[in-house]
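For reference, the chain that follows is the form predicted on its own, supplied as structure tokens.
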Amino acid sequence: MREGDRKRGGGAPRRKGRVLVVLRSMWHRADGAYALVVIALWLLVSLVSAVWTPHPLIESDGRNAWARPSASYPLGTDGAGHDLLSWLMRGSLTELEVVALVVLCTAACGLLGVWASIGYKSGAGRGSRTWMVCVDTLIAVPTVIVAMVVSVPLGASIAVIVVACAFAYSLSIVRVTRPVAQLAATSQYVEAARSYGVGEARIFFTHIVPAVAPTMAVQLSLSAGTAILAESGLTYLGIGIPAGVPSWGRSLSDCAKLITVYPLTVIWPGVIITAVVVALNLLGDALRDCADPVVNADLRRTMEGGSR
């Protein structure tokens, strides 16, 4: 086997080993372990709820409309006879879809904004400064206003949440990552690559994106948590998840009017939302530290061993 083939064949195992080192390091941190456990449970419940829930979502037990937690209804019913556990389980799948779409759209729009902010297309002068003035102006627009505008043609839907959140969060990513991107864009290795005729797109994805990736990871984890809160707020206003579609925000919105009658219906979705949002917020910080070879000695030793 040629030397090049051995190198190509050994790349995947080395990357897999680094991922395992990062996960192990996160597990040994209190915040990282909490985030991993909660997110793993969230993913597991989402997958299970796609094929099974304790009770059908459309089932309504009129004789037990206000049932307290029991063997038949572990979390009780929601005041309309629906099993609260079944709705929260299926709602976890909806929340996962919302978070995944928001993170993907925010990452894509954020990278486009970073590209524009460092002035590749307009030169590093007036064009990029004008773009950042626009970014600072748009950041001041409340997310709920964007959601209301988008809801006019789309109505209450997941698309409203995704568009409004991606719009607001991507602008924040541009503002936070721009100094790091500018520093990387003016570094000596980027100038050397440009002198060899390397295209700007390749420079951006091979040098600029890795430089801003740690900061983006933290911002995206915060965006994921905030997206869940935004879903709950927008659904409560009637422009988020439509009626009849299970979600944590929908359960919270439907049960909020019953809080003086039966507080447990509001406590359960509130506890779940709080636990998951905290986990997502902690995930970014733990991932940033554990994936940095300067901070993580175990990862640094793994990379040094694989480079020999």
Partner chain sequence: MRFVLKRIVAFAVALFVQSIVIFACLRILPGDLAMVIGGTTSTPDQVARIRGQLGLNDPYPLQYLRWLGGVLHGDLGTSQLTGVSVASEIGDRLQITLPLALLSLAVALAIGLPLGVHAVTSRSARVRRTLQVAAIVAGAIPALWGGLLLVMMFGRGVGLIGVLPAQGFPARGWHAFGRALASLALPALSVGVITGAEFMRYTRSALVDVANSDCIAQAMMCGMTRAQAIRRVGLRMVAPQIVSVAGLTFAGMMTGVIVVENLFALPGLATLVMTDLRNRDLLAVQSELLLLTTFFLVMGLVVDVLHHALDPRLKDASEGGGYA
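No experiment lies behind these values; they were computed from the predicted model shown. Positions refer to the first chain, counted from 1.
There is another form of this protein, the form predicted together with the partner chain, and it is not shown here; the text below is about that form.
The partner chain in the predicted complex comes within 4.5 Å of no heavy atom belonging to residue 46. Though the partner is left out of this view, residue 191 does not reach within 4.5 Å of the partner chain in the predicted complex, counting heavy atoms only. Among heavy atoms of residue 71, none comes within 4.5 Å of the partner chain in the predicted complex. Proximity of residue 271 to the partner chain in the predicted complex: non-hydrogen atoms within 4.5 Å are present. Distance criterion of 4.5 Å from any heavy atom to the partner chain in the predicted complex singles out 259 from the list 259, 39, 67, 245. Interface residue among 237, 203, 176, 101 relative to the partner chain in the predicted complex, by the heavy atom within 4.5 Å criterion: 237. For the marked spot (137, 266 and 281), a heavy atom within 4.5 Å of the partner chain in the predicted complex is present in each of the three residues. Just one listed stretch, out of 106-114, 211-219, 140-148, 193-201, contacts the partner chain in the predicted complex at the 4.5 Å heavy atom level, and that stretch is 140-148.
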